[in-house]
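What follows is one chain in structure tokens, specifically the form predicted on its own.
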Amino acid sequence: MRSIPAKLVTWDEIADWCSSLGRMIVDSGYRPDAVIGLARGGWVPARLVCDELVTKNLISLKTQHWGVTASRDGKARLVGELQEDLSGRNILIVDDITDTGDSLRLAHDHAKTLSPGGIRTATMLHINHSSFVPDYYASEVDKDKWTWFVFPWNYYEDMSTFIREILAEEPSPEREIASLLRKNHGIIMTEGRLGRTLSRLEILGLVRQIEGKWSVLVEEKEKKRR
């Protein structure tokens, strides 16, 4: 079972970070004609930044990491290409966080081939071991304090990974799951929120409860072995 520091990000934090990005971009004098949001993590921040800049031209570009939650060994790749005519236009590429920096670099290099007038990049969070440094970022995270940020848009995806790793060891009651989430990841959850999360994962067929204990479904265990 991995011991990985994690943080549950709130919507208020996201609003504050995006507001900061908006101020930075406006104060720098850069005026993007189009904003590119990196799918999936950059979608929401990109939309909020669009509002900060009062621009409606939002474009989606998908990059994908092959890896699991709280793992930095996945390789990024571009999924599809931009179809918009960006020639001569100023663009801003937005993602949620730079960790390895691979996704933002891929997007930047691809957009550059389309002859834009200017390219700048922005993220809410920048971990300072990243190989790519965005032009704008709201908060810098020291590499020695690396943390897995659980954003609201990947809450169930990430929590299902953490919880199923716990349950892969042995079936556990809710209170033990809560204790191990706190011990292994620093995640503190109220009883009500954890209960709702477990119920959702049960409906989705990822875990089940028998006689007060939660466990990973047999087929899920088999997948992990393969």
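In this text the structure is predicted, and so the values were computed from the model without any measurement. Residue indices: 1-based, along the sequence shown.
In what follows, reference is made to the form predicted in complex with a small molecule, a form of this protein that is not presented.
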{"property": "Contact test in the predicted bound form: residue 127 vs the small molecule, heavy atoms, 4.5 Å", "result": "yes"}
{"property": "Residue 149, heavy atom within 4.5 angstroms of the small molecule in the predicted bound form", "result": "yes"}
{"property": "Distance check, residue 97 to the small molecule in the predicted bound form, heavy atom within 4.5 Å", "result": "yes"}
